[in-house]
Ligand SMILES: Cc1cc2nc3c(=O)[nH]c(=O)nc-3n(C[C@H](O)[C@H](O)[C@H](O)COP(=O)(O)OP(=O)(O)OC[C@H]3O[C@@H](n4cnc5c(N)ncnc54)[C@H](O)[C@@H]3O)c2cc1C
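Next up: a single chain in structure tokens, the form predicted on its own.
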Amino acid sequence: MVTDEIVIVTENRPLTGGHFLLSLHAPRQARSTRPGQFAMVRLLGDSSALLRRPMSIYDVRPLHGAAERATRSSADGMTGIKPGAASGNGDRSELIQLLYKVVGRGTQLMSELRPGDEVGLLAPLGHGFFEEEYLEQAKQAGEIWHVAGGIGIAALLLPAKSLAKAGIRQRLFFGGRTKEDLVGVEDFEPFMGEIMLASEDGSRGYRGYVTRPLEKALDSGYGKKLLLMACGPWAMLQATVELAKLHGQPCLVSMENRMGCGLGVCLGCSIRVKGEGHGSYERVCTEGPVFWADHVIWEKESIPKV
């Protein structure tokens, strides 16, 4: 269930390359989150950051240790569920974690958040990696290959955890511009049989785009029947989808697009899909962000000059 709440920052951990891991005490939203969904973050008290920031929900976790003490002392009961209280289904998740990179004014302000600060959180949003739509196919495939570019890694941890519980083998192909962009690798290690890293400058792993080691692995017949899950920049997704199609492997993509509302109202995040009329466009924030790759029209539209 989507809710719009004022939630408390428990941690805003700096990582490498201008990346941060933001932890928010949001019990109701954490327990409603499904893999591949996202949140819209609203910064309070600064009119220069008018629009909410869309962020993939990287992880959901129980509240414990210093984070619990800070939350109790700063705003006990703020969200309506006391720290440590479990929901009826036994899920004790209370923290939503957002992995982000500082790229502009809004994310710079986010990087300045401290424990005890408050933000507005609209979550969980979107159509994610929902098991009922792919799990049987994943079991038949026998192995899942995750392909991530840069901050696209943020969309893949929760599905990786879910697939691990189902006992399905997984591999990760993860690329970035430099080694500092390869954040969160240690979080994936417990769930992956193998991790292939790539950096454009060669500072870690393969030198070049991550789609090159992916191509080599597909060409080698490394996996017979696979299911690919990918998230990253448009060009990386397009290249991944082309490789998957060439090798006859199905692919799910988590799309990144600019969005204003996150609720399907503004239509600013629409992409072209197979269909006619109004059905030839779908919204990343509601029909997505996760789509079957063969449903998306990958040629970007050009606006004619007048």
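Computed from a prediction, not measured in an experiment: that's the story for all the values here. The numbering used is simple: start at 1 and walk along the sequence shown.
Below: the form predicted together with the ligand, not depicted.
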| property | result |
| --- | --- |
| Stretch from 190 to 198, 116 to 124, 213 to 221, 100 to 108 whose residues place a heavy atom within 4.5 Å of the ligand in the predicted bound form | 100 to 108 |
| Joint contact, Trp145, Ala148 and Leu226 to the ligand in the predicted bound form, by non-hydrogen atom at 4.5 Å | no |
| Contact flag, Ser56 vs the ligand in the predicted bound form, heavy atom cut 4.5 Å | yes |
| Residue contact check: Ser32 to the ligand in the predicted bound form, 4.5 Å heavy atom | no |
| The ligand contact at Ala154 in the predicted bound form, heavy atom, 4.5 Å | yes |
| Contact test in the predicted bound form: Ala244 vs the ligand, heavy atoms, 4.5 Å | no |
| Ile271, Met259, Val60, Leu63 - the one with a heavy atom within 4.5 Å of the ligand in the predicted bound form | Met259 |
| Contact set, 1 to 28 vs the ligand in the predicted bound form - heavy atom within 4.5 angstroms | none |
